[in-house]
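Here's a solo chain for you in structure tokens, the form predicted alone.
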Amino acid sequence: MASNFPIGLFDSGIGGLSIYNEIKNSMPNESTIYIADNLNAPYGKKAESEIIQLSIKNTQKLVDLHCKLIIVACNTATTNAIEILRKKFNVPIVGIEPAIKPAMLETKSNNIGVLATEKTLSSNLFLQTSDRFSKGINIHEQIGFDLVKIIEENGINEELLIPKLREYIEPMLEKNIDHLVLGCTHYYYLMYLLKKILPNGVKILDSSRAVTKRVMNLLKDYNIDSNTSKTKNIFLCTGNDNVIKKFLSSNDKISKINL
């Protein structure tokens, strides 16, 4: 596979742009293609079978566009579909898992919080990871009801989001959590709001840097890291592009596609 082919990413909307930003900051010589399947957002409330089919369609599109490596930049799609994607497609695929392991290794109170979508928290992959590392540690889970929907429809609207976040976070604080794991790439954009709610002693963890490190290692392992400075970044969406544009630079163009 040509080393100068792009890295592909897909998410149900703007959440995976947090991963895209980390990739571009760490690997400026890499070209990218990003798919926001916002017509079907949010994924977190959908049936597992539908999440799998949407993930296959997104991945197939990126394969058709000659991506050399694909990032499933969505926790829900990763936890419900990544094993199927890896069996179906002959291309390196990197997923997004909640940063439970580092939270469990670092906690001093033996209580960590996880804010994620319903389908991430109920997935086998999440349950297996939690069971593997949770000896003597309490995991306090909270579904982020409507957070993705609000972000996709309104952007980062503090008036709508702060009351929801307080409702979800304050019960965790009563359980003495010292780490909050963000189990959805959309929640990356809520960090500054969360910092208004969380005490200074609570650390927020997301997966963007771990994913970037994994991608860098795979590119080297497969000898497909880019050797050109002439890069191109393509943004595609399946639905309305009004909100997504707010998260891109003025030079970035976004095109509509059908999967």
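The model shown is predicted, which means the values in this text are computed figures rather than measured ones. Quick note: we count residues from 1 along the sequence shown, nothing fancier.
The protein also exists as the form predicted together with D-glutamic acid (DGL); that form is not presented, and the subsequent description refers to it.
Trainee: Is there a non-hydrogen atom of Val181 within 4.5 angstroms of a non-hydrogen atom of D-glutamic acid (DGL) in the predicted bound form?
Mentor: Close contact is absent here: in the predicted bound form, Val181 is far from D-glutamic acid (DGL), nothing within 4.5 Å, heavy atoms only.
Trainee: Spell out, yes or no, whether the shortest heavy atom distance between Ile71 and D-glutamic acid (DGL) in the predicted bound form is within 4.5 Å.
Mentor: Looking in the predicted bound form, residue contacts with D-glutamic acid (DGL) do not include Ile71, since no heavy atom lies within 4.5 Å.
Trainee: Quick one: does Val148 come within 4.5 Å of D-glutamic acid (DGL) in the predicted bound form, counting heavy atoms only?
Mentor: Heavy-atom contact with D-glutamic acid (DGL) at 4.5 Å: present for Val148.
Trainee: So which of 61 to 69, 200 to 208, 226 to 234, 38 to 46 is the stretch with heavy atoms within 4.5 Å of D-glutamic acid (DGL) in the predicted bound form?
Mentor: So the stretch in question is 38 to 46.
Trainee: Residue by residue through 57 to 72, tell me which have a non-hydrogen atom within 4.5 angstroms of D-glutamic acid (DGL) in the predicted bound form.
Mentor: Residues within 4.5 Å: none.
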